[in-house]
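Only one chain is shown below, in structure tokens, and it's the form predicted on its own.
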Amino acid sequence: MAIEVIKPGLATTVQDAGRVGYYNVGIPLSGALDQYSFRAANLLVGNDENAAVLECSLLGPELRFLDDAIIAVTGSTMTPKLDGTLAATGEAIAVRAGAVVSFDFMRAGARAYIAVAGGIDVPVVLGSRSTYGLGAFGGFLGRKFAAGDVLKTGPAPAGARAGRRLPAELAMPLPKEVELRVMPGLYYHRLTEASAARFFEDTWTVAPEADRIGYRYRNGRPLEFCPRQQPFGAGSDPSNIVDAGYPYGSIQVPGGVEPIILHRDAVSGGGYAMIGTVISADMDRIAQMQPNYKARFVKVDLDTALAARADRQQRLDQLRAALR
């Protein structure tokens, strides 16, 4: 089966569960930024939950389906249209050969996931079909889509059928202001006590530069670092350190001005102090934040982070039970 790209949207790429096991050599996870919505889309169409899908950022594509297909759209409220007629999100829908699927504007959230029964058929690179844009590999020719591209899909699984719906209580929440739970990081002690308190007191705003590499936040009060003697091998800015590894979800604040949360396409190390790390259970929330959405950072400990991870796993289990 094949799909023709008429309009590519703003930044539509092929993504799956991610490329695990290569972070130590500088190759990031990649994969769907909102892993929960990505898995929900696959389960709706009867795919293995790790199958490759289309990830759309802020503006959806326009696609012509050259064969009959079953698709599902999850994540942001980006309503699909079949030949101009509105269809449903969070539901497996049948698409006839020759039909054009387009999308309304995203009214909430930042990323939508389009699953096609059979998955998007692109080469597996280092164990994953995900696109890594900075490295220009994986996905469809290592890049986001362009008009005229033709995508292949695999054969539809036996369980594929139209009409399967995502229960409303299991859909991804899409608030315009969120709390992001943070564990203090290896260099948290470098902040002054007053500045560290301000970081958790202020409300921060997503900047326009937010993308798959990192989410930048602004409009909080600048952070101050404790005085120090510049270490050999570190930059002169107080936020610089001797190069170190960056955990997924870590927060750096270049110059103490605008925090950046490193996401799934971020580099694996560098010379900025990591003042904390957003817990894994909250990373999907970041993926659905548009520019100008608000965030508050909440300080938590390891026990809280582990409990949140268990709660997220339980919710995924509920999703699987509902859609299989």
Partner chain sequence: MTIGTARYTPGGDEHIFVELSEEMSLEAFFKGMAITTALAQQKVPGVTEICPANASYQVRFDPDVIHPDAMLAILKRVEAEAGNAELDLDTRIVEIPVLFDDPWTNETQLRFRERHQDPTSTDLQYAARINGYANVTDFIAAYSGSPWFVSMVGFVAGLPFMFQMVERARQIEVPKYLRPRTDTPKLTIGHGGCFNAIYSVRGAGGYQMFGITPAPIFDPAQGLPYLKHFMAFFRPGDIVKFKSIDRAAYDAALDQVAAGSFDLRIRPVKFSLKQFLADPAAYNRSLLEVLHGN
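Numbering follows the first chain given and starts at 1. Computed from a predicted structure; not experimentally measured.
Below, we turn to the form predicted together with the partner chain, even though it does not appear here.
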Subject >> Close approach of residue 135 to the partner chain in the model of the complex, 4.5 Å, heavy atom >> reply: yes
**OP:** State yes or no: in the model of the complex, is some non-hydrogen atom of residue 277 no more than 4.5 angstroms from a non-hydrogen atom of the partner chain?
**Re:** yes
Subject >> Residue contact check: residue 209 to the partner chain in the model of the complex, 4.5 Å heavy atom >> reply: no
Original post:
With the partner left out of view, is residue 66 within 4.5 angstroms of the partner chain in the model of the complex by any non-hydrogen atom?
Top reply: no
Original post:
Going by heavy atoms within 4.5 Å, which of 288 to 296, 66 to 74, 26 to 34, 47 to 55 lines up against the partner chain in the model of the complex?
Top reply: 26 to 34
Original post:
Among 245, 167, 123, 98, which has any heavy atom within 4.5 Å of the partner chain in the model of the complex?
Top reply: 245
Original post:
Exactly one of 183, 82, 174, 94 has a non-hydrogen atom within 4.5 Å of the partner chain in the model of the complex; which residue is it?
Top reply: 183
Original post:
What residues, if any, in 291 to 322 have a non-hydrogen atom within 4.5 angstroms of the partner chain in the model of the complex?
Top reply: 302, 305, 306, 309, 313
